[in-house]
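The chain below stands alone, shown as structure tokens; this is the form predicted on its own.
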């Protein structure tokens, strides 16, 4: 396997508080990695650091051998990294199709953006189909359910053909059926060649779709392994869901 993302000694400090504290993480190409941990563990800050929404205090983030620290958010997108947010970021007043079409245009020369394009490209049509939104293509994005908006945001990233997709709690607020479709979508995205990092709280979703899990705690990597290995780790049981006296509740959530 080839290393795609290599993070070493990453520190993100806000005054005296270290949201990320000397973190090391490696992702192989075509891998699906789930990142879990209690609130405040630094999971979203990790994604924000990779995409330069927050500036690391120290460390290194190599993507395909290229240092990301110091690059602008736009330049990082151009290297092949895409992300979604906990709250979907879409244009509510535009149609589903227009949202994806705008996202697809970011690779086009500026002059071509001034010309009115006719019809729908095969790439946009295929992307809408992959996220199960073909029937909603002419609907305003604002009329979609929360889960459908999450899929639309994924489509807006996928149409840009990223090598690495970062998903921040993709199934939050979804129905059971929507969570199942999202898990199948993540699996398919990876099978088609995109590396995926998923930050998630929903342990049912993690157990069902994760292969390798990274557990964060207080800005560091606590442990990594298969779902079974993480579930059986007593330190994870104590840290992830609370103090030792909460072990019964932790066990119920992790099994």
Ligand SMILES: Nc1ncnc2c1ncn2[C@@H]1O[C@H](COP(=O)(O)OP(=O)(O)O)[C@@H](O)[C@H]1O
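Positions refer to the first chain, counted from 1. Because the structure is predicted, anything quoted here is derived from the model rather than measured.
One more form of this protein exists, namely the form predicted in complex with the ligand; it is left out here, but the text below deals with it.
* Asked: With the ligand left out of view, which of 57, 44, 26, 51 would have a heavy atom within 4.5 Å of it in the model of the complex?
  -> Flagged contact: 44.
* Looking in the model of the complex, is the ligand within 4.5 angstroms of a heavy atom from every one of 82, 131 and 148? -> No.
* Asked: Thinking of the ligand in the model of the complex, which stretch from 33-41, 184-192, 66-74, 206-214 has heavy atoms inside 4.5 Å of it?
  -> Correct option: 33-41.
* With the partner left out of view, is residue 236 within 4.5 angstroms of the ligand in the model of the complex by any non-hydrogen atom? -> Answer no; every heavy atom of residue 236 is more than 4.5 Å from the ligand in the model of the complex.
* Asked: Should residue 139 be counted as a contact of the ligand in the model of the complex, where contact means heavy atoms within 4.5 Å?
  -> No, no contact at 4.5 Å.
* Asked: Should residue 105 be classed as touching the ligand in the model of the complex when contacts are defined as heavy atoms within 4.5 Å?
  -> Result no; residue 105 lies far from the ligand in the model of the complex.
* Although the ligand is absent from this view, report whether residue 86 comes within 4.5 Å of it in the model of the complex, heavy atoms only. => Looking in the model of the complex, residue contacts with the ligand include residue 86, since a heavy atom lies within 4.5 Å.
* Which residues in 134-148 have a heavy atom within 4.5 Å of the ligand in the model of the complex? -> Counting only heavy atoms within 4.5 Å of the ligand in the model of the complex, no residue of 134-148 makes contact.
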